[in-house]
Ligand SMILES: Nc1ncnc2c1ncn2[C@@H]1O[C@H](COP(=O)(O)OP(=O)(O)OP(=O)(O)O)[C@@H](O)[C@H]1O
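Before any questions on how it binds or moves, here is one chain, the form predicted on its own, in structure tokens.
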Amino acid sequence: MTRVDYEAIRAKRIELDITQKDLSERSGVNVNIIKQVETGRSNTDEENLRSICQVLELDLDTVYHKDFHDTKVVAVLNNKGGCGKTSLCCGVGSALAEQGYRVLLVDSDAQRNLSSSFDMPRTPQHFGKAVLQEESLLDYIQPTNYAGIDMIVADVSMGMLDMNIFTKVHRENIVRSILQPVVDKGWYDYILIDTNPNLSLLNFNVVNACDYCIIPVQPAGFDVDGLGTVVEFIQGVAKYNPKLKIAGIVINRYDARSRIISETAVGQLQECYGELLFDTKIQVDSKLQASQWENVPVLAYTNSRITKEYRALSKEIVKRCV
């Protein structure tokens, strides 16, 4: 996918006091193509853009991005601890990268389990610092040891982050404003954000910056009971972020050994949430705990049942997040 910064082209033409007709005559590009480019209706081809930029004295690389990715920002959210948000974020992110997508993982939880899953060391350049200082997250991106995956790490000091941002002006939009420069760059296909187990001001910020939310839920009584509150929270944020959608609900940590309890919970979820449920269930697998102990993503650690499930789920997510 390519992207043309048509606003910059139009602004430069107006600044130089050149009409579209004049630009057409000087560049040799049809005036109708120039009109389409300036309104974003056409990316045209590189040669036409090069000719236009030469007349406008613009650097082609600043307005023409050959390898631009239409970034989707996705939060993995639930206020119930132990439902597997981090393992889902790690597994899905790895599976997406396997498919050739560029992925940025953002750890917004002070427990920093996602950061540890990729054996990322602590650093002063962490998500909490960027939020507090309201700095672009572009300078906080770090490479991982795994192809196609970068990360913004968390830090244990982020435990006080909610209290510290409460008094800030526009406190609900901080994450959106510092993440937007990354989205605008078009470096990634997916940005996955691992959240803390609270419906807090920080998580309002995170969800407010997203296009989609994925809700992992264990098939157990207490987890199912609290799911409605999470859905209401996301719907509340959507009043401020109209593009926000729930991509789906993932039945996570499904335990076939407790079939009666698990199937009863699954039945309740299907009755209440129907089409929101993903088809793929992520089952309990000891290989996941072993990979976490070794600080290695499970898809790099083993090829077992759970890795196949993450791959299947990631394909469903791609279909829903369009």
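Everything quoted here is computed from the prediction, not taken from an experiment. Don't overthink the numbering: it's just position in the shown sequence, from 1.
Below: the form predicted in complex with this ligand, not depicted.
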Since exactly one of Gly228, Gly236, Gly82, Pro181 fits, which has a heavy atom within 4.5 Å of this ligand in the model of the complex? Gly82
In the model of the complex, the one of Asn295, Thr39, Gln289, Asn32 near this ligand [non-hydrogen atom within 4.5 angstroms]: Gln289
For the chain seen here without its partner, which of 143-151, 246-254, 171-179, 129-137 has a heavy atom within 4.5 Å of this ligand in the model of the complex? 246-254
Is there a non-hydrogen atom of Ser108 within 4.5 angstroms of a non-hydrogen atom of this ligand in the model of the complex? no
Whether Ser115 contacts this ligand in the model of the complex should be assessed with a 4.5 Å heavy atom distance threshold; does it? no
Asn205: heavy atom within 4.5 Å of this ligand in the model of the complex? no
is_contact(Val63, this ligand) in the model of the complex, heavy atom dist at most 4.5 Å: no
In the model of the complex, do Thr86, Pro197 and Ile306 all put a heavy atom within 4.5 Å of this ligand? yes
Neighbours of this ligand in the model of the complex among 269-302 [non-hydrogen atom within 4.5 angstroms]: Ile282, Gln283, Val284, Asp285, Leu288, Gln289, Gln292
